[in-house]
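Shown below, as structure tokens, is a lone chain in the form predicted on its own; questions about how it binds or moves come after it.
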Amino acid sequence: MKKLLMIATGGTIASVQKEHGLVPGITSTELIEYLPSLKHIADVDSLQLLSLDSSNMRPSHWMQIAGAIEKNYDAYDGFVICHGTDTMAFTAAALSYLIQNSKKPIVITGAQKPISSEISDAKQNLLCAFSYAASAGACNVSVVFGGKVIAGTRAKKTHTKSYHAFSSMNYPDIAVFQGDRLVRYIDQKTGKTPQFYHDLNEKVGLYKVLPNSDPELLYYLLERNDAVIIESFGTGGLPEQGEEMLVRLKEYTDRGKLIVMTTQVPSEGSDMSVYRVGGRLKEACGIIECFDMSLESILAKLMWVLAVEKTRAKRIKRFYKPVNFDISFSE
């Protein structure tokens, strides 16, 4: 029987009702007490690392979680992290970059209703998470939710209330649970030595393109950050506003800033070469295209890349190197 460590961070799954709404209040030990059948799946210890509504989860907390896993890595066969759903995909993506080539599974789960509720998805999600963590061949970072196993870089919360809250974006599910049976679709095996990273650069901004967008906001974000994500319409581009925009954006990339283009459309990703509003930007300004990556992974990967590489060329090369199935295309 495998030995697993459950790391509790709060979230809906561990929440109790208070005057103004749900707040985390159930401990890691109490969560396990709700699962008497867990003793048949794995030998589980628990660690109460945080007690947060996941809306309050910050990059410093990602580092805490990664640090706890690194500290306990040799003592356990795998890890299950209980987390709130609102920022679960961001944490899963961040851990995918902070802990790479892990031979041991790092599984993140949570619930749409507290485990203490009469009707809740919490017990099933937890049992599936532990079952997957205890299964042969499980490795790297993944999200287990609603009977699906999703690569940590591909998860996105797509429903605010439904129990099938998470989807795998632009990539197949790693596996699914059909009743008590785990059906695996993607081979996650890794023979490499796990690598832990200890730094993130949080100077990453987001510019969402709207019909009334002011490019001055984009320039403001570029002044304050080392990288800016442009979340564009369609296949990727910016509303044409003359040569001045091209000149100014080229000035920022010449200064070493990373400008990366993604799309607001959930599925299929970007292709800046389709329209002039994207093609000219890519050619004239050195804008990086994110293709089919999720926004959560783009943000986390940029923070990681900015921290580990110091030149623009090396940062771009590292950005396009696939990690945990995060990107299907590259330059």
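Sequential numbering from 1, following the sequence displayed. As the structure is a computational prediction, the values presented were derived from the model and not from experiment.
What comes next is about the form predicted in complex with ligand ASP, which is not displayed.
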| item | value |
| --- | --- |
| The single option of Asn125, Thr85, Ser167, Ser232 touching ligand ASP in the model of the complex, heavy atom within 4.5 Å | Thr85 |
| Contact residue in the model of the complex, chosen from Asp45, Asp271, Asp53, Glu30 - any heavy atom within 4.5 Å of ligand ASP | Asp53 |
| Gln100: touches ligand ASP in the model of the complex, heavy atom cutoff 4.5 angstroms | no |
| Proximity of Gln112 to ligand ASP in the model of the complex, heavy atoms at 4.5 Å | yes |
| Region of this chain that lies against ligand ASP in the model of the complex, out of 173-181, 132-140, 248-256, 104-112 [heavy atom, 4.5 Å] | 104-112 |
| Residues of 1-21 having any heavy atom within 4.5 Å of ligand ASP in the model of the complex, listed in sequence order | Gly11, Thr12 |
